[in-house]
Ligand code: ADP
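Presented as structure tokens, the chain that follows is alone, the form predicted on its own.
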Amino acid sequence: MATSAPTLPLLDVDNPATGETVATIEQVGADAVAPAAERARAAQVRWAARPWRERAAVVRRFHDLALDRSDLVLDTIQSESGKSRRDALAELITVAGTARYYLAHGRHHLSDRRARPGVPLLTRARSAWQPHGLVGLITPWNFPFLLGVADALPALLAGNAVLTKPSELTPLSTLLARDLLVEAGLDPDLFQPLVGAGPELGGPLVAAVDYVGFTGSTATGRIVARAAADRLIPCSLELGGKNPMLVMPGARIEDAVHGLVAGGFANSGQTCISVERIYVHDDVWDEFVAGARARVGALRVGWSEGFDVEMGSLVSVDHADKVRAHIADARERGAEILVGGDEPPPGLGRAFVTPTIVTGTDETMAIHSEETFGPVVRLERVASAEEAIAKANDSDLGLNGSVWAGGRRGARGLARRLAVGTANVNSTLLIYNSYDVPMGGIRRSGIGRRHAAAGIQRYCRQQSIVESFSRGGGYEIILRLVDTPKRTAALLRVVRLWRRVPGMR
């Protein structure tokens, strides 16, 4: 006698800033993954057979719907994350930018490319792209709308179906994105959010798909990578960062302070590419510290559905407690708190963290090398650009970096020396809205890239197609005809001369 799957408890989604339960939704267990994958695969065959213009039309309508329903999108993001209205707007802008970029350039990135053939004139070669089939995405809570759908858009345009596992803390934004895609004309089976616990769904998801993309912590990324390796399927991982910012002589200090605020405190510091450590040259230390203390100390923190608040809450009380523990550990071990501290802002709940600047840290403190992932930055004084580069690169993480150094040529030279996957000059977070360059980390910050050609090609397998003349069995006849020393010598003379022929090397 068959037994039905156990009924899982309903999932409450709370606003961390207010403590209010904003939605109660159903969650699924591991038994739901295989049927979802089966439906997705059936729909993907039909979807991949449709011409690019029809797939693009769906994404184009989604782009317009998301902007037309901007208030609903922003309300949904804020309701489950507690972030400020401005930070929610940044998500929508980036989703729209991602859609526009791949609508304009995705077809070119996936077009066949003619290549140099094995034997010019006698053979031909080209490379082509084919969708993997079923893509699995595991996304975090810090950008629930952006990461919930932006990586799926190029996957869908490439002809894939997508199963996505959003964080159970913030599933509403991904569910809204699904609704907008369906309204835009997408078959519901092509983009299926699976809401539930990560340990319950992660393994079955990786086991069901042809490609997996993960954004999150380094520790969980290792688990995903091992599961993908066991199945020999490709994966991409964007993981943690302990991102450096360099402030050197020649920089306009007022601008660098604004860069610190944007890079360290946007999204309440819950950004994988956010600034966590700043190396400031002796010559500009006093001016920078004075400006940073004044600006960060004046940040407007709280909960509002308007644009009067600059920084909202963190995603949960548990996460806020972890961030405060980094501050408390540094303070107890002798660090100086220039701004903020390990108490919530007055009059606000424990999901809020006071914007904090710390200096005088050392290697014994968690804040020194561990990712804090909150509105906390540490400052360190350096005597030279060489010292700044050495300290910036003294990390096993390598995601993002920022350089403020006056002249662009000198700043660009320093940026090239940072051991990071992405570097910004006179900016801190610009890389996420620079869609035509790849974005990703090195070292323990991940593998693979999003954005640019890599951001859509990763969802495809590359196929090489070579053509030969057919007479006598094709190209291989050339070697078969070389059956005497004289013919061998003649062939080798041709090979020797070949290197010297322009355009045919």
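In case it trips you up, residue 1 is the first one in the sequence shown, and so on. The structure displayed is predicted, hence computed values, not measured ones.
There is another form of the same protein, the form predicted together with the named molecule; it is not shown, and what comes next is about it.
- Of the stretches 74-82, 87-95, 211-219, 297-305, only 211-219 has residues with a heavy atom within 4.5 Å of the named molecule in the predicted bound form.
- Of the heavy atoms in Trp141, some are within 4.5 Å of the named molecule in the predicted bound form.
- Mapping the unseen interface onto this chain, Ile223 counts among the residues with a heavy atom inside 4.5 Å of the named molecule in the predicted bound form.
- The named molecule is not drawn, but in the predicted bound form it has a heavy atom within 4.5 Å of Gly198.
- The named molecule is not drawn, but in the predicted bound form it has a heavy atom within 4.5 Å of Ser167.
- Contact with the named molecule in the predicted bound form, judged by any heavy atom within 4.5 Å, is made by just one of Gly202, Pro193, Pro375, Gly340: Gly202.
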